[in-house]
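Just one chain is shown here, as structure tokens, and it is the form predicted on its own.
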């Protein structure tokens, strides 16, 4: 790795960070706080992301429920996570914070609902 330029997304400052490798160690410049340095090192060595998506709901007043991972997962596992979630349909009612999938792909992250979906009553 020669040089990598990043914009930190940890706060509104949006520091322009430069990461270089010197003697096997990463050198971070341009950050105004420690979080920027940690973000830059993570982005280079093991980038992680929160995953958000929607799942279908059986018998709900809404056809889908929005969900997200409870913590960041490795970026390289996002497609596998989405593949697993695409096969899941939940039953209404669903409440915000309900755990839909526990410890997805052994990442330590749960898939949690971020919206309420009440049960649709039959007429």
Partner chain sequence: MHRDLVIIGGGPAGLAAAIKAREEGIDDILVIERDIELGGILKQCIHNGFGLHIFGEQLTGPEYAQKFIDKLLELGIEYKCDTMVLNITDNKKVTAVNTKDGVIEIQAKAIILSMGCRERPRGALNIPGSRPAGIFTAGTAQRFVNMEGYKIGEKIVILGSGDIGLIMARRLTLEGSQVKMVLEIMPYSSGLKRNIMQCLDDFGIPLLLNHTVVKIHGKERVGGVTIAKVDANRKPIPETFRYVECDTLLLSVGLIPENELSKNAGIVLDKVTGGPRVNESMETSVEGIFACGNVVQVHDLVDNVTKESYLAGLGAAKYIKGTAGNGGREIETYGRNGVRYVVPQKIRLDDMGDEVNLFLRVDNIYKDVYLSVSDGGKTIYKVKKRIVAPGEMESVRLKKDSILNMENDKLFVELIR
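Only the largest set of C-alpha atoms that superpose within 1.5 Å between the two forms is called the rigid core. Residue numbers count along the first chain shown, from 1. From a predicted model like this one, the values you see are computed outputs, not experimental measurements.
The same protein also has a form predicted in complex with its partner chain, omitted here; what follows describes it.
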| query | finding |
| --- | --- |
| Among the candidates 92, 96, 41, 88, the residue which, in the model of the complex, approaches its partner chain to within 4.5 Å (heavy atoms) | 96 |
| Contact flag, residue 29 vs its partner chain in the model of the complex, heavy atom cut 4.5 Å | no |
| Residue contact check: residue 52 to its partner chain in the model of the complex, 4.5 Å heavy atom | yes |
| Close approach of residue 119 to its partner chain in the model of the complex, 4.5 Å, heavy atom | no |
| Partner proximity in the model of the complex: residue 107 to its partner chain, non-hydrogen atom cutoff 4.5 Å | no |
| Residues from 41-77 in contact with its partner chain (non-hydrogen atom within 4.5 Å) in the model of the complex | 49, 50, 52, 53, 54, 56, 62, 63, 64, 66, 68, 75 |
| Core-aligned C-alpha movement of residue 30 between this form and the one not shown, 2 Å or more | yes |
